[in-house]
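Alright, here's a single protein chain in two forms, structure 1 and structure 2, each given by itself as structure tokens.
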Structure 1
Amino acid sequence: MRRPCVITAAIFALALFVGACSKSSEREPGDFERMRIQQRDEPYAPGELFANNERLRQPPAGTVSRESESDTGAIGSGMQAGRMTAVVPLSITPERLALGQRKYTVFCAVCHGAGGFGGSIVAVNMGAPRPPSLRSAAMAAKAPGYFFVIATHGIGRMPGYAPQLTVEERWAVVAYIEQLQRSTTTPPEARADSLRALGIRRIDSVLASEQRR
């Protein structure tokens, strides 16, 4: 009767002693969280592996992206035979225009306004040079390649949007800007017909959105 009690008490005491010996400060950091904090690299987390103390790597200086290298034609560069491409080199479908509108609203409307007239809140807050209207006659006269090159590399104060937008998305934006410009240069009835010819439905709402400032 007596002996099991003594043995149990001894085991408890030993366990307590061993537990107290390893202070939490002596453990590896995160030892209690071994399951929650794993060795997998979280994006953006700091790390000791590389010299810059980041887990995301910077490409070495002078790196050329595969996308831009494999696409030196009209689609990848917006240039053809040394001049700006005069037509959008991808087919213009209603889906592509819808993609272009979505991406335009996110990435360009901030500064150039929802309808492309310039004068968004940000543009008003910005000092000169302000984001210009994309629907002026001078802008409408530019080739689509011009807008593609600017969307890719930026101009002056405006940054390039190549990291944010894929090549296809950039052309979709250009195609959408072209449609915006046409809505300035064509009378409303002819505009409705040309939208119908592109296979676009709900013409009224499209016409309304094109005039939004």
Structure 2
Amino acid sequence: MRRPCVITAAIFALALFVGACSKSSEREPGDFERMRIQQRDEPYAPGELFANNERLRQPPAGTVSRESESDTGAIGSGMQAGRMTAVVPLSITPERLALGQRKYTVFCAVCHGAGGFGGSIVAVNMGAPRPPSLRSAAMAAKAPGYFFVIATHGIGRMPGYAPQLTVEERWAVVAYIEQLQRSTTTPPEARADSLRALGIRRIDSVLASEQRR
């Protein structure tokens, strides 16, 4: 007569075990997964908020992203007729040059130096190949589009800065680099940059000569 009771107790214990293991939809204190079960809008799902019964809003007709890869014009790509654009395709104003200087100081000077000579602390400790001097004859001969493309996609150890700098900011940096290349003044930070760059070139020259022996 005790066997049915044993079976009933086992079934009851099993039910409790299964219930404890199953994931409850109730919000419990300290349960950080509760956001999964709260009310939310699913992308592309129908909705009642807008007149077209969609959750997402349609952009106005003709809208394109300012960072769109499909923008093949000189402003968005740095290229024109298959070549690097020969001029900065934006008006060069004092405000834009000031913007370029600020962004250059944050993103470029750390490697290319405050004055563009390539004598940064990073360059001193990096080893060859080092960040080039933007003041060299070879760099001065480059078209503005070249610097824009490099700033966008990167080259060698240098990463692209499209995620950090907008198209306008990248062109502002290019305009500021052109100003640096034409500059005949050397403020203290640029002078220190120049002297370190000179020391780097001497070291690299000695190392290169030793390797040729």
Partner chain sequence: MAAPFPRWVNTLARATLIAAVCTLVGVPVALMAWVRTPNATRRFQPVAQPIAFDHRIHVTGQHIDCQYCHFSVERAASAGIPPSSTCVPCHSTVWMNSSALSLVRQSVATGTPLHWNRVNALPGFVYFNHAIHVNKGIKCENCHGRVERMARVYQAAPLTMSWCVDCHRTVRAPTNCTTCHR
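For residue numbers, the reference is structure 1: its sequence is counted from 1. So that the term is clear: the rigid core is the largest set of C-alpha atoms that superpose within 1.5 Å between two forms. Computed from a predicted model, the values in this text were never measured in an experiment.
Here the chain appears twice, and structure 2 is the form predicted on its own. The rigid-core alignment places the CA of residue 56 2 Å or more apart between the two structures. Relative to the superposed rigid core, the position of the CA of residue 45 differs between the two structures by 2 Å or more. After superposing the rigid core, the Cα of residue 164 is displaced by less than 2 Å between the two structures. Its Cα shifted by 17.5 Å between the two structures, residue 191 is reported here after superposition on the rigid core.
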